[in-house]
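What follows is one chain in structure tokens, specifically the form predicted on its own.
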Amino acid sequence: MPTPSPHNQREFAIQVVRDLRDAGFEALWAGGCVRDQLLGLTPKDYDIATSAAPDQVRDLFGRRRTIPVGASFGVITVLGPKPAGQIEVATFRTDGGYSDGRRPDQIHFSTPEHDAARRDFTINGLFYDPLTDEVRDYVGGVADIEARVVQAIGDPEARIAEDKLRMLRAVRFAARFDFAIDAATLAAVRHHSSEITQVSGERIGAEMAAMLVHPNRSYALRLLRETKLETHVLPETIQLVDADWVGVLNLVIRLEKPSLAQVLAALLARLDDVRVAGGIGARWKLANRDVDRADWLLDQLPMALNAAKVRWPQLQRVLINDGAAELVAMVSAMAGDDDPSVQLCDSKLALPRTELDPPLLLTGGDLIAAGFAPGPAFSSILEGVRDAQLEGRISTPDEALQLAQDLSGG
């Protein structure tokens, strides 16, 4: 599916509000899109809150253009033209209790004021009328945006009790916008930090992945430690203190547009036992590719840091891996761009693929065809031939076969 155009999405969001108004309903932009607009950012998507009930929204926009994916919570997805994407339209509501610490047990359709009061943080509780260019603020969100602070709406203890994930969201929003966390909200997060384990691994993993690849990830890590959430979501790094902790923070800052695997490897590189990425991945329900790549980076990092002293055949086998660029970027962040190992790796990666990874001069099939009996020695013979080829000691299939015979003692 093509990515919606920000301009077309915005125009569609205006049109949905206009259509709801023309039908006699109240309708406003709500939440993150209002916050982002006030911060001078282009919203990634638009949510609309309305006095129309879910069935009324579907009747207005048509059954073929609406999806009742969240109808039980008053949410209908309205499909726009392809360049505009889709928009969630939610009925103004208040929430009942949250017995599962995630979703309300029941909802009641209500007013904009009550709808704002049930949201998580003041900066996310704002409404905006795109037809009159008017911000509606029932919770003090505008003042908190100006003060650059993340503050729970109402009682922080109550907001956290409703949804434990809000503790991590407070950290992510603060890091994303470089805001502080309000003192009362911070105290409530610290008090309830151990309860974050009640949240599913997928939801924790999604929040952690978002903050760890964000440019302000170092601040996020400091906040995780300050709020005591680190102990429960990333206990592997608790042992990092003093110079080791500062070193990790500096390293993650120097990584430029890193992958999640790179950040995980950076966080774990100073541990006595670096083979713990799998535990994190299982806990956060991460994709195997991220965990496997993090483990590979950690395995290869010691050699890559000393690449200038490593035999070329050994280094070549690493640099032809799909993760080589990420590995060299980590070495550069740790040792600097002028480091001889970094410069060597960069120069090798700049070679045409046929030079970096030339076609094999000899294969197992060639050995069998030449009369070699398959067995354990095959691998060492082929490895020795490949080493000689990479080092330039042989350059033809005949030379490769002769070397194989020499190595086999034949």
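All residue numbers are counted from 1 along the displayed sequence. Only a predicted model underlies this, so the values are computations on that prediction, with no experimental measurement involved.
There is another form of the same protein, the form predicted in complex with ligand ATP; it is not shown, and what comes next is about it.
Checked against ligand ATP in the predicted complex, the candidates K228, R283, R119, R270 yield a single residue with a heavy atom inside 4.5 Å, and that residue is R119. Taking a 4.5 Å heavy atom cutoff to ligand ATP in the predicted complex, the contact residue among S332, S193, Q316, N124 is N124.
Although the partner is absent from this view, D163 contacts ligand ATP in the predicted complex, with a non-hydrogen atom inside 4.5 angstroms. Taking the partner from the other structure, ligand ATP in the predicted complex has no heavy atom within 4.5 Å of any heavy atom of E26. When contacts are judged by a 4.5 Å heavy atom cut-off, K44 counts as touching ligand ATP in the predicted complex. Among heavy atoms of R293, none comes within 4.5 Å of ligand ATP in the predicted complex.
Considering ligand ATP in the predicted complex, the lone stretch of 301 to 309, 173 to 181, 130 to 138, 211 to 219 in range is 173 to 181 [heavy atom distance within 4.5 Å].
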